[in-house]
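What follows is one chain in C-alpha cells, specifically the form predicted on its own.
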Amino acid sequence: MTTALPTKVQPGADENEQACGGPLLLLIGSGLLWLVLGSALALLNLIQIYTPAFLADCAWFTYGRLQAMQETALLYGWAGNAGLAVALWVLSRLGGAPLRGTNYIVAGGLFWNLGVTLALVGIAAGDAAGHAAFQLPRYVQPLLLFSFAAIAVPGVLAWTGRRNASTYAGQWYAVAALFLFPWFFSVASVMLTFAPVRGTLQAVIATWYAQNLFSLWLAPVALAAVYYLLPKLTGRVIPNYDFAVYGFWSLLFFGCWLGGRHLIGAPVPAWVSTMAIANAWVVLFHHIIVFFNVRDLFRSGSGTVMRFLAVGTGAYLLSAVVDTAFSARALAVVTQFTYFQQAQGQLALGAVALILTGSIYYMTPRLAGGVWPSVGLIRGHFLAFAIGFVLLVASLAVAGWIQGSALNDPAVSFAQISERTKVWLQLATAAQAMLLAAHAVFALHFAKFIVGQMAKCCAARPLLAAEVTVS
C-alpha cells in the first residue's frame, strides 16, 4: 500500500520526531527562504544573459555577482539547510531515538544562515572568492565550517548512540555526508583562499571541490532520503539490498575524482581530465546499483511524495549518463564552456532539490504533529516544479549545443551566436519564472502550516490550564 501524505496526526510513533521538530523545522524554513531568494536571483541572472543592459548600472547586481549570489544562496542556503535537516531526521529515525543536543542545531543553524547572509553581501560588494560553487568570501568560510560542525553533532550522536545494532543504507549516506563535507570544505578553504596554490592547480582544486560538493554531500543526502522513504512509501523491502553497500563505496571512492572532466581543453595536464573520464565510467556502477535498488519508485505506488522522489531519482540517474557521455572528448569539443554545462548542473542539482522537497513534504507533518493545509497546493507545486525543471534543462541544453557548434565555426560571429541562442534563453527564463512561482507557493504553504500549528498550540495551552485548575 502506498503512503502519500498523512491525513491525521499519528501519535506515539512520531514522538521521537516531534521531540526534535523545532530545530529541524527551523532549518527547513530557513532553506525555503533561501530557495525563493536564490530562484529570484537566478531569474535576474538569466535575463542579463541576453539583455546585458538590465541592471548594468547597479554594481551589486552585475552578471558575475548575480551568478555567484544565486549559486551561494541555492547551494549553501537552500540545499545546506534542507540537506542537514533531512540527514539528521533520517539518522534519528533509523537510530531509533530522538536527536540529542538539539541546541547545537539551533545555534549552528543561526550562525550558518548568518554566514550565508554575510556571503551574499560580501559577494555583492565584490569579495567573492572567484571559484565555481566556492564563491564564499574568506571571512565567511571559517564561520560556515564551525556552524556545520555544530549542526552535525546531534547526527554523530544519533549514529554512535543508535539503539539498533544493524545499520542501513540511509544511515551510511547520511553519516558520510556529515563527515566528508568538513574535510573537502576545509581543504578547499586552505588551498584556494588562506594558503592558495599557484597556477593551474587552482583550477584543479576548484573543480575537485565543486564535484565533491555534489558527489560527497548533496547526492549522499538525497540518497539517504530515498533509501529510507522507499520502503515506507511502497511497503516493500528494497530489492537487491545486499548490493547497496557496493554502490555506496563506489560513489565515495570514485565520485570525488570526476571534476577534471570540466577541464578538457584547459591548460592543465592531460592526465587530469583522462582520469576523470575513466572514473565517470566507473561511477556508473554506483548508479546501476541505485537503479536496481529503487526501481520500485518507477513502477509501483503513487502519491505526491512518491512522484517527487521518482522524478528526482530519475533525474539523478539521467545526469550520470549525460555527464559520462558528454565527458568524451569528441562531444566535449562542442559542449565544453557553453550553456550545455549549465544544463548539466541544473539537471543534477534539480534532482537533489526534487528529492529534498519530497522528503520535506513527508517529514514536516511528522515533525510538527499536523497535516498540510492543502493537498491541491502540493500537487500544483509538483506539476509546476516538474514542468519548469524539464523546460529549463532542455532549453539550456539546446542553447548550449547551438552555441558550441557555432563557436567551432570560424565563420559565425559572436553576435550571430547570441541571436541564435536568444530564443532558447528566453524559454529558459520562462522556465525559471515558473520555478520561482512554484518555490514561492511551497514556502508560503510551509509558513501557513507552521503558523497554523503554532496557533493550535497556543489555543490548547489555556484549555489545558483550565482543566488543571478545575481538577
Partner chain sequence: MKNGPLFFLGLFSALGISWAGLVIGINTQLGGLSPYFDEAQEAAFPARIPGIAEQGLRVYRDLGCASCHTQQVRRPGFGADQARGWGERQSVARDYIYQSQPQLGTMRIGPDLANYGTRAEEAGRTPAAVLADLYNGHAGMPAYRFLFAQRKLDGEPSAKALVGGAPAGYELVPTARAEALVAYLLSLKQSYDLPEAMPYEPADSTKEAAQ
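Predicted, not measured: the structure shown is a model, and the values here were computed from it. Residue numbers count along the first chain shown, from 1.
There is another form of this protein, the form predicted together with the partner chain, and it is not shown here; the text below is about that form.
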| field | The single option of Met363, Ala129, Ala315, Leu88 touching the partner chain in the model of the complex, heavy atom within 4.5 Å | value | Ala129
| task | State the residue from Leu347, Leu297, Ala203, Val140 whose non-hydrogen atoms include one within 4.5 Å of the partner chain in the model of the complex. | result | Ala203
| request: Given the partner chain in the model of the complex, answer whether the residues Ala107, Phe291 and Phe308 all have a heavy atom inside 4.5 Å of it. | output: no
| query | Would Ala437 show up as a contact with the partner chain in the model of the complex if we use heavy atoms at 4.5 Å? | reply | no
| request: Could you confirm whether Phe179 comes within 4.5 Å of the partner chain in the model of the complex, counting heavy atoms only? | output: yes
| Proximity of Leu407 to the partner chain in the model of the complex, heavy atoms at 4.5 Å | yes
| said: Contact with the partner chain in the model of the complex for Trp271, defined as at least one heavy atom pair within 4.5 Å: yes or no? | reply: yes
| query | For the chain seen here without its partner, which of 107-115, 374-382, 74-82, 243-251 has a heavy atom within 4.5 Å of the partner chain in the model of the complex? | reply | 243-251
| request: Using the arrangement in the model of the complex, list in sequence order the residues of 177-191 with any heavy atom within 4.5 angstroms of the partner chain. | output: Phe179, Leu180, Trp183, Phe184, Val187, Met191
